[in-house]
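Let's start with one chain on its own, the form predicted alone, as structure tokens.
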């Protein structure tokens, strides 16, 4: 079962267009959603949530049309958006009272268990919370109505490494039974590498790739060599080059690494940069 399926999704604004974006997320897995600012990531998330309508194409959530079944779908989704918070004067009790009116499956016991686990104060006002406390509270709320899917936008942004690691552990536990999934957009690529099974890369409104993380690592690798040695690498094998005073870094298809060259694994951030900023042609 695909928990998410986007088919040829397009969206046009005055100064931006998204063109024929398609990808699928199977149940039980985590998909990392990457791209530069302005790539269209937030627009795609808003379309999944039926906050914005596509110009064309179709989005299915739990194999149901995201527009026709919007209300039903939202009952089974936990959402954390980077730009959305709680009322500034609310405390954790106020938020509990608000959320139990919003969701049929709201579980107060689960909510208070998370509040205790995160060591969040019960009487302190939301506006007085630190960034880390606000993110933990958002996670507690998102997980307390038994969602099958989490849709997360920059949920670990602005947090120190210890808090980020704690949050990633919670997400790992969430999907561990194979019956829950996560779609997470983030600029912190190292976090995505730790938890994602799939990676979807959007660049200037166009889909660059959507594939399993391990397949991505099997597809690309890096060659670091002297600048003059680049000439010995077949142009058909090169996906991107970055030259500096220290030599050259070359992203190549792993299957095309020429004899005599040593290759190294490429991380997601390198693949992302070399397929766009340092790209020399359509080698994707």
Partner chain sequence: MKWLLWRDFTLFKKRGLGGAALYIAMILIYAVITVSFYGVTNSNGESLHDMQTGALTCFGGVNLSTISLVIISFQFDEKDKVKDTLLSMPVSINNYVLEKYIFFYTLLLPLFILGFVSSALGIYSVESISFYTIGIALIPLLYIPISFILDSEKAYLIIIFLSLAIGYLFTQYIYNLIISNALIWIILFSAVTICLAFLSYKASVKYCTKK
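Residue numbers count along the first chain shown, from 1. All figures in this text were calculated on a predicted structure; none of them were measured in a lab.
Omitted from view is the form predicted in complex with the partner chain, to which the following refers.
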Practice problem: Look at the stretches 89 to 97, 113 to 121, 200 to 208, 171 to 179 and give the one with heavy atoms within 4.5 Å of the partner chain in the model of the complex. | Solution: 89 to 97
Self-check item: the partner chain contact at residue 132 in the model of the complex, heavy atom, 4.5 Å
Solution: no
Self-check item: the partner chain contact in the model of the complex: residue 60, any heavy atom under 4.5 Å
Solution: no
Practice problem: With heavy atoms only and a cut-off of 4.5 Å, decide whether residue 108 touches the partner chain in the model of the complex. | Solution: no
Exercise. Using a 4.5 Å heavy atom cut-off, state whether residue 253 contacts the partner chain in the model of the complex.
Key: no
Quiz item: With the partner chain left out of view, which of 74, 148, 187, 194 would have a heavy atom within 4.5 Å of it in the model of the complex?
Solution: 74
Self-check item: in the model of the complex: members of 35 to 73 within 4.5 Å of the partner chain, any heavy atom
Solution: 46, 49, 50, 51, 52, 53, 71
